[in-house]
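A single chain, nothing else alongside it, follows as structure tokens in the form predicted on its own.
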């Protein structure tokens, strides 16, 4: 069986959607082409004195809006095709949720756990130096973020290195997002992608007509869920789904999975993992070998690991009625078509995991404005609410206790505003995609609708620039 590259997989979805539009071929080709790819290598002096050559990439897919935006991943799977594909998905993702960025992605080909903290710092700082040298980073040019294998620590090293190498000191904090809060980060960013996944799944499950087609009741309550990947995204998606009333019956990691049809306590599983180094052997659960965990019976399957997890090899054995793509590209093009024909609802990655870039946008705005969200209005709103409550007390002749007043008069802080903005984005975007699907008499799925939406928005940007008629 021939292998289709990840970037070609993305373009297959693009081409399918492009047939539903009226744009000229030249414009469509420009939208899907990757504008710039920078591949470089550099020597790393290991702690033992040996020298190792590190390979790294940064791809900028579309410059229809600036800056471009996309994460940096540290993994042995990183290659040019992967960063191009992920950069393309970022372009479409930003367009779908109306975040004014072009798409980009970066990666360093390393297995992170094989390097010391000092070695990782040297790798990250050298990677940043190379990006600065070639103008592949900057608050108005290209703004990286965390991805698989990276987090706030790497982002702090990047902003520190960028600040040391540039004269753009006023807005330097905006060169990267996902930073620690003390280094210009934003509250709520860590949970953002997983929370966005939750909002997207919750919204899909709230539509009675769509749930009836799947033979499921409306709402999250009682729905069985299997989550693959307990990294930042998978853990938070599982946490919010469980808090929202869903029942976690399966959790999958690289060493294998666990299954209990009566439900799993996520925090207890995470504690077991901290104590033993793995999720296998969790009391009361059955161990499941990889990749069989994806085939477990459930209402909702959440692949939150890496791409190409559901393929022609296992698609016929998938039992889930809803597949929520928390990871990038977990379902191949062929598997997507098969499952769609089978009646499975696939909530696509280019919409569902856009929570991260949405909140990254908020962080970027915070860095450029140099003011914390909520700082200007929190106390004012609390004071106004207390005055209203005081008036209600006089009218009703009932005195509220201080706890009730605190709860009702609470003014929004930064995290409240971030989560509110994220929820609004995910809810509105889902209904926008569903409306596109309905306009095509439900002949297309949500993924194709998402690509149609992205093509329209990116095409309009190019046309407004006067580049295309």
Ligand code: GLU
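Numbering follows the first chain given and starts at 1. Nothing here was measured: the structure is a model prediction, and the numbers come from that model.
Unshown form predicted together with glutamic acid; subsequent notes refer to it.
Asker: Counting any non-hydrogen atom inside 4.5 Å, which residue from 331, 251, 324, 90 sits next to glutamic acid in the predicted bound form?
Answerer: Result of the distance check: 90.
Asker: Quick check on this chain: which one of 353, 128, 309, 228 has a heavy atom within 4.5 Å of glutamic acid in the predicted bound form?
Answerer: Exactly one listed residue reaches within 4.5 Å, namely 353.
Asker: For the interface check, one of 70-78, 113-121, 272-280, 158-166 should have non-hydrogen atoms within 4.5 Å of glutamic acid in the predicted bound form; which one?
Answerer: Selected stretch: 70-78.
Asker: Is the gap between residue 146 and glutamic acid in the predicted bound form 4.5 Å or less for some heavy atom pair?
Answerer: Output for residue 146 is yes: heavy atoms within 4.5 Å of glutamic acid.
Asker: Taking heavy atoms and a 4.5 Å cut-off, does residue 189 contact glutamic acid in the predicted bound form?
Answerer: Residue 189: yes, in contact with glutamic acid in the predicted bound form.
Asker: So in the predicted bound form, does any heavy atom of residue 357 sit within 4.5 Å of glutamic acid?
Answerer: Judged by the heavy-atom cut-off of 4.5 Å, residue 357 is in contact with glutamic acid in the predicted bound form.
Asker: Suppose contact means any heavy atom within 4.5 Å; which members of 160-183 contact glutamic acid in the predicted bound form?
Answerer: Stretch hits: a single one, 177.
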